[in-house]
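There is one chain below, alone, in structure tokens, taken in the form predicted on its own.
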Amino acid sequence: MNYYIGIDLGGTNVRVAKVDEEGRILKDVIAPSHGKEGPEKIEANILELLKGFDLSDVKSIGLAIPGPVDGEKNVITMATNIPGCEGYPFADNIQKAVDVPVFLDNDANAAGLAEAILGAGRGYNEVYFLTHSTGIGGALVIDGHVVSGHKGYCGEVANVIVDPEAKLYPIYSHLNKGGVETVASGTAIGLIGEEVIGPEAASSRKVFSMAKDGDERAIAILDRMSLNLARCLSAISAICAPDCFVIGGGCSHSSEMYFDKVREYFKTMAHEGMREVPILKAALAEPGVLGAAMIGKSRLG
């Protein structure tokens, strides 16, 4: 049996776990990440946490990062939630300290890899994973390997324009007007809810709850969101032609409120041969840290 370490690094917390090749977590720990205190502090904290794990039988360490990663250089290219970490040699430094191969990847890629290998996408050759949460990201996984693309930007679909006439809120000034994240993410649902309904609908959770109770305004917001998600999936299907889509993230916990709508709209837009491609709900409770562990497994083969 092979064993792997997964490190899921966020702006607030970091989770470290020892995982076997079947995705069973043998030991894990959650601690503050010190994400705003600079790369040296983050790295020192990770190394301190690793002291609590037996690494003698570990094949690799995978580090999932909130932002694009250059897979060839094994460094972060953009790090909004952990400022100052662009280009910092986390992988090289940690590998030298513990004498275990270390690999970096984007957190959405890691979650997608976990779902493809261990979760809802298991058994499919080509899986496209969409994370539908505060923001929107994605990952293309083919035969158990993430396709990273130029500087790690493959799958970063937030900027795909799906609704060019939609309002662009100031929070999204760095994205295209009508980009899918600006009109269909959890944050966008809350912004639209507050504007259309009022402060009582100023979060995606509240909009979902109101729609469940039959509020026609909330139902209309989710309908438009579903249309825009389907537009995004249709565009992806024309380029990647995956065997399945897997949708995870916080919004997917309310999948019963919109997945069927997304499927219906998708069938009206996709090429005829793609219309029956399954759109599945993510299955794993811990995709972040499991995916981080699977990064090394995937890279080493």
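Values in this document were obtained by computation on a predicted structure and should not be read as measured data. Numbers follow the displayed sequence, beginning with 1.
Just so you know, the form predicted in complex with a further copy of the same chain exists too; it's not on screen, but the next bit is about it.
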query	finding
Partner-proximal stretch of 141 to 149, 213 to 221, 198 to 206, 88 to 96 relative to a further copy of the same chain in the model of the complex, 4.5 angstroms, heavy atom	141 to 149
4.5 Å heavy atom contact, residue 101 to a further copy of the same chain in the model of the complex	no
Close approach of residue 153 to a further copy of the same chain in the model of the complex, 4.5 Å, heavy atom	yes
Contact flag, residue 273 vs a further copy of the same chain in the model of the complex, heavy atom cut 4.5 Å	yes
a further copy of the same chain contact in the model of the complex: residue 243, any heavy atom under 4.5 Å	yes
Whether 12, 50 and 80 all lie within 4.5 angstroms of a further copy of the same chain in the model of the complex by heavy atom	no
Contact residue in the model of the complex, chosen from 236, 257, 42, 58 - any heavy atom within 4.5 Å of a further copy of the same chain	236
